[in-house]
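Presented as structure tokens, the chain that follows is alone, the form predicted on its own.
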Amino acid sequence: MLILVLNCGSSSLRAAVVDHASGKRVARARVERIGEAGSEVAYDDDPAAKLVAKNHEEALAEVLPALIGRAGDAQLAGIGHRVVHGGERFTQPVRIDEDVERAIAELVPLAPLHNPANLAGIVAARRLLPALPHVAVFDTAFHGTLPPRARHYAVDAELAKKHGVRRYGFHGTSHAFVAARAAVHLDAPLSNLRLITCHLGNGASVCAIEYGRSVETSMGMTPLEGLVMGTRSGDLDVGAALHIGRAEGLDYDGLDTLLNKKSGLAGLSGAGNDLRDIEDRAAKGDERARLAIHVFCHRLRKYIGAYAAVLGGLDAIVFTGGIGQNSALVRHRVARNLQIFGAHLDEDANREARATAEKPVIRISTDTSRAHVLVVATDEEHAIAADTAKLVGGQDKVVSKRIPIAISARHIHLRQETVETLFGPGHKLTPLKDLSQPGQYACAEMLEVVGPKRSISGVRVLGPVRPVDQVEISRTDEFFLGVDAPVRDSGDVRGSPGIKLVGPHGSVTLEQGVICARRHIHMAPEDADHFGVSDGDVVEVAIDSEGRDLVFGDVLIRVSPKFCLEMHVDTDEANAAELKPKDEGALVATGALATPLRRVLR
């Protein structure tokens, strides 16, 4: 499936016709200085083509026919647009209509340098190619899974809500792409890995990915927060910015220019924002250039250490982007002090590593390294094409089934050994009532759950027995008991906190096992085929209730012949949404939900 991918900057345009599966470019064009007298266009086969374009529509009016002509007889299936900021509304790719255009325009205050240009390209392309489906793919979407503790700033909550002040994160398309590539290289499900991905270029960010979900990232409400970048300061004491503004007589626009365009590597080094030039100067004794490299690498190493703690362990560190893929010096300086996390750099491999489209993943850690260190070539155009193809490919899918909603109360799953410790030797769980999922039942047995702060009595045990002990609680229970329970898939208790269980015959102190269950949908294979989804996919579900309508994102699909169709949410979420047991939901879309990127990459 051929997809036209468009990336519109304020005065630039990048366009490519991409095979969504292989990532092969059938044709490419790049336009610079739109709106200026000397605007330029370059095609793969004609780097010196002439172009005069006052705006994006004029540029696209010339470039699109040329690109389509270069694609030959192949037909375009759709157009994918990169959009930097999706706000809270857009956490998945979405087909563009007038309502979506208005929503992107409303988000301009959150990304004044990017969304206007993205929107200009969308409006122009839809006017020029109205018969093709257009899809918006958002840089912020991958970070829609950030937990509340990671996305909130410690400012007045009402003001934050009023003005959309929260951490959104960026470079999500790249972080998701290289994480999927790393999982394929490691021959492991992404849902089993804890990764730290470092997208390093003129813009730079780092992301903590826990079992396929972004749980922390360095950029915040805007791309200014976090790492040192080409011209952006990254993390800075707000008081320092206020002090500079007062001392230099800078207004808000002046501070914006200083921190976004005159800081970072450029401000530290005095030699511009190109790290290659800075490395050359440093090698010749330039102290400002050396300082810039030291600060850049120190900041990144600090984030990696913090994110390893957030994840509770580490399977791989991934370097990507122009600097991450090409600077052996930066990788060396960042990775050389990470042995504490089991990451041991192979200096020879690092010196030679240059990830490319032909060799997209290179391991630069030693054979004995517990945590892998990888250099992975990112390809955001390929990722956008794949996301667009998923949506376009499922556009004719009929999705008529409604999904019943089940509200999960706190409960306990036990191993047989634990059952006997708590209820006596040879004890078998006593079925009390069948549950909606075949073969599962509520038991007559109940336990007391004792946390560091308080205890909860009468917590129901569910059967049959399981391979691991697991206590599923709500967020309210978490704070009541005094434990810090992660949001996890059922059965995934690695690194979770333990707790004490008290039964009529004895007690057990679990070393791990307390989780808040991730919202999920059980379905049989025939249901998965109907919806166009597969086991492990992550979807959005629109809930229609008598209380209030809303969309739940980050809903995991679980497929088994043993399951019947049902979505599970915990008590807190149900109460917040005013859900009732007979409420139902529907998938927001089909095609975009069907084929995770990791399958495309395989």
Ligand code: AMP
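Computed from a predicted structure; not experimentally measured. Residues carry their position along the shown sequence, with the first being 1.
This next part talks about the form predicted together with adenosine monophosphate (AMP), which is not shown.
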{"property": "420, 256, 346, 279 - the one with a heavy atom within 4.5 Å of adenosine monophosphate (AMP) in the predicted bound form", "result": "279"}
{"property": "Candidate from 490, 231, 326, 474 lying within 4.5 Å of adenosine monophosphate (AMP) in the predicted bound form - any heavy atom", "result": "326"}
{"property": "Contact flag, residue 527 vs adenosine monophosphate (AMP) in the predicted bound form, heavy atom cut 4.5 Å", "result": "no"}
{"property": "Exercise: residue 101 in contact with adenosine monophosphate (AMP) in the predicted bound form, heavy atom 4.5 Å", "result": "no"}
{"property": "Adenosine monophosphate (AMP) contact in the predicted bound form: residue 275, any heavy atom under 4.5 Å", "result": "yes"}
{"property": "Residue 532 within 4.5 Å of adenosine monophosphate (AMP) in the predicted bound form, heavy atoms", "result": "no"}
{"property": "Heavy atom contact within 4.5 Å of adenosine monophosphate (AMP) in the predicted bound form, the stretch among 266-274, 491-499, 141-149, 117-125", "result": "266-274"}
